[in-house]
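In structure tokens, one chain follows: the form predicted on its own.
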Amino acid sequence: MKPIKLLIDLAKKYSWPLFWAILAMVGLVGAQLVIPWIIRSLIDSLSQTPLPSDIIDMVTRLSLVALAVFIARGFMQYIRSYQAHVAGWGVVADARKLIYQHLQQLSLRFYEDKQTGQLMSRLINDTELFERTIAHAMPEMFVNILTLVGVMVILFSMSWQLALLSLIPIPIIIITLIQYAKRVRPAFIYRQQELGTLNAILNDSISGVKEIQAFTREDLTMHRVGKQIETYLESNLKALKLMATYTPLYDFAAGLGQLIVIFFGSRLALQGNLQVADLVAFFLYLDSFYQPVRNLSNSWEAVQESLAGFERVAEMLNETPDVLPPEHPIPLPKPVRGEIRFENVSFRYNPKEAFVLENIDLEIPAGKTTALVGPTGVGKSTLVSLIPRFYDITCGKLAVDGIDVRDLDLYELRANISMVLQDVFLFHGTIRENILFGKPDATEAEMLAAAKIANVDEFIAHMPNGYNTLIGERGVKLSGGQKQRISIARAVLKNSPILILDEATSAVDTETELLIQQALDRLIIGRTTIIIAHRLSTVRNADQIVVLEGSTITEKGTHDELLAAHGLYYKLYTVQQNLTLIPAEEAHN
């Protein structure tokens, strides 16, 4: 998508506000041209000898016309300003919604090397430039161009010789504008990039303030933030310096035009080739001629700066998701059973990187519990991320209820999968709102039932406002176990046939782990459940335990079968049991 095309497409919705704004601008130009003509007529009448008999009436009529013009101009200024802002801020709102909708459609791979602050900068700062263009820069350019045309017609009608002479500075202005576009626009693009980097660093620093204070790195982060603030300042000043370099050229060109009129216009008046009233009017109109030229430079600067933002927005909208929905999706059979089958599946994040998973053959029976275990970094979380198509497999086939996931509607596929992750994300809001995120249209009774299953009711009585307690961004006011149980309640409420538990009890104490395990035991009943766990004691009752090593599956079976095989699972389980027994023996001694 090209930047200008993006702007035009967004502005189409606001054709009527733009129409009224343009109509008001035409009226403003007319009012601007009428006032000098009234003054010219007045001077021409007062210069006559003898004075006309109806001079008082003429002055009165001209004054009333001027009053009407001033009143109309005020009304048209209001129409122009308000309607232009309706269109401008409307386009900004639509652009932000469009970008956010597009961001939601992008694959997780897109976010792997992106900073939140950079994305926020494009969503907020860059889109705000749309308003500046639509409500200010473009209308002002239209008004100024229209004013230039109107003034030129009037100037030529009064004295074509003097009008031609007043055009001498125009080539200087045109050359300056061309050079301005070549040099200033890249500077403003760079400035916007540095602003995005500043937002990203600030976002990281504010989000990680707990870690900064814990490691006493305030000075280090202050230096980092301060350095980027200085870098942004330098980029901003560089762009503004370039702009300031060209501004005197515009002023010189305007001054040169006025000097030409003074020199040649006075001679034409003295020679009787130009009336004094016309010379006075010429000077008045000349200000209306060169003022738009100066304004055009400012408007052009705003357009250049805005185009830099448009390019960054268009660049983001041109990002395509790696995971694309099928053109003709196949619906899942009802009811959804939740049988999952990996057939010779291999996956790597990047074509230039090694395979994370290779030749995975795995059947996960419907309604049964399958545990994935193995050393850190063998691809357990990657494996389960393939099921809801957060990533697409590189080769092989992955099917749910016999249908390839690439043939399923993405929304339907993910609607039938619930996930409880180790790193719980809770939104800023109340406990109730976070639980209802699993099913926004759930009844109060359904929400309370889900909370009870997840043992949320065990701590809710200690909350100041119960389920209406605000928990802060990412749930900072809650303990790890409390956040985990809220995420389980969310999954209970969603009531999906497929459940994925990724290290759901790894970062909590033993008592909290027991409460969470009780909640999970209630949750997995009748569901196809996949559990990733380092604590092997939590998965010993699984119907199937799958051991990953390297990038492939090395063992499958029940807890007893794998212990009897004396393979990797046996070694991992034995080590964990010994580590558990050592503290108990030390306490006994």
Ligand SMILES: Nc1ncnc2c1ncn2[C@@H]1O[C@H](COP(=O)(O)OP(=O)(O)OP(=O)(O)O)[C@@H](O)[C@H]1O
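Note that residue numbering follows the sequence shown and begins at 1. Keep in mind the model is a prediction, meaning the values are calculated, not measured.
Keep in mind that the form predicted together with the ligand is not shown, yet the notes after this line are about it.
In plain terms, the part of the chain that comes close to the ligand in the predicted bound form, with a heavy atom within 4.5 Å, is 348-356 out of 89-97, 439-447, 213-221, 348-356. Residue contact check for V378: one or more of its heavy atoms lie within 4.5 Å of the ligand in the predicted bound form. In the predicted bound form, the ligand lies farther than 4.5 Å from every heavy atom of Q275. Contact check for H559: no non-hydrogen atom falls within 4.5 Å of the ligand in the predicted bound form.
Although the partner is absent from this view, E327 stays clear of the ligand in the predicted bound form, with no non-hydrogen atom inside 4.5 angstroms. Contact with the ligand in the predicted bound form, defined as a heavy atom within 4.5 Å, holds for exactly one of T430, Q291, Q422, S107, namely Q422.
Listed residues W300, Y391, Y467, F264 were compared with the ligand in the predicted bound form; Y391 is the one with a heavy atom within 4.5 Å.
The candidate spot formed by D9, R132 and N318 is out of contact with the ligand in the predicted bound form: none of the three has a heavy atom within 4.5 Å.
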